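Only one chain is included here, represented as structure tokens and corresponding to the form predicted on its own.
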């Protein structure tokens, strides 16, 4: 299966020297699986950009393909251009272009730049040097008015020059396959890789999902509520549930899987083993 599928792992940008060391250790474990690439997130307005950049360059120096997340946020075009050039000079060949969030406290003082504008900017600055990933939302971005406008925003990112997409995490495979069909009808043909979030922590998952608009099916939520004070039972349920989700996605033709590691190796290593990868 692995030969014709693309697998990748995402790290959250470190906020301390200790976190940078931890990611280095986790990268060492996961790189043994030979994923297609690693990605590293970028805080609101680039608030973790120093940690992102160091982690990206460390992973690249260790011999792994890596994709830094980028967004305009509160940064100027000049700052983003300089960062792109630094990555280009280092030999990084892939980026993840996002709308991003405005830094806390800046509010209306900063003009929001959309991801399609960032994709176009990257293409104008660096030509075809970078493989550009963008985000996709099978269950609709929380800021979108409706499904049609959400799909039009996604198509605009692809039309601006994106090469492929990674989805927000979800637990209903039908949402993903419906999104694929709807995108294809609009003429979108780039690979759309499902984002996979391990189920390991009830309260954290609820908080994440409320913020990003990801739906947790009622049957999953009820099981998580039941097991929230029994960490081992919750992890066992989560591992089985997410393994079955991955199996369904791959069997249905998903081009690969992108694992949100939450800077932990064990949950994704277990999924990898269960999937026979």
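Residue numbers count along the first chain shown, from 1. Values in this document were obtained by computation on a predicted structure and should not be read as measured data.
Omitted here: the form predicted together with a small molecule. The next part is about that form.
Taking the partner from elsewhere, no residue among 139, 172 and 221 has a non-hydrogen atom within 4.5 angstroms of the small molecule in the model of the complex. The small molecule is not shown here, and in the model of the complex it never comes within 4.5 Å of any heavy atom of residue 259. With a 4.5 Å cutoff on heavy atoms, residue 94 does not count as touching the small molecule in the model of the complex; it lies far away.
Contact check for residue 115: a non-hydrogen atom falls within 4.5 Å of the small molecule in the model of the complex. At a distance threshold of 4.5 angstroms between non-hydrogen atoms, residue 75 is out of contact with the small molecule in the model of the complex. Heavy atoms within 4.5 Å of the small molecule in the model of the complex are found in one stretch of 140 to 148, 181 to 189, 198 to 206, 124 to 132, which is 140 to 148. Checking 31, 243, 41, 228 for any heavy atom within 4.5 Å of the small molecule in the model of the complex turns up a single hit: 41.
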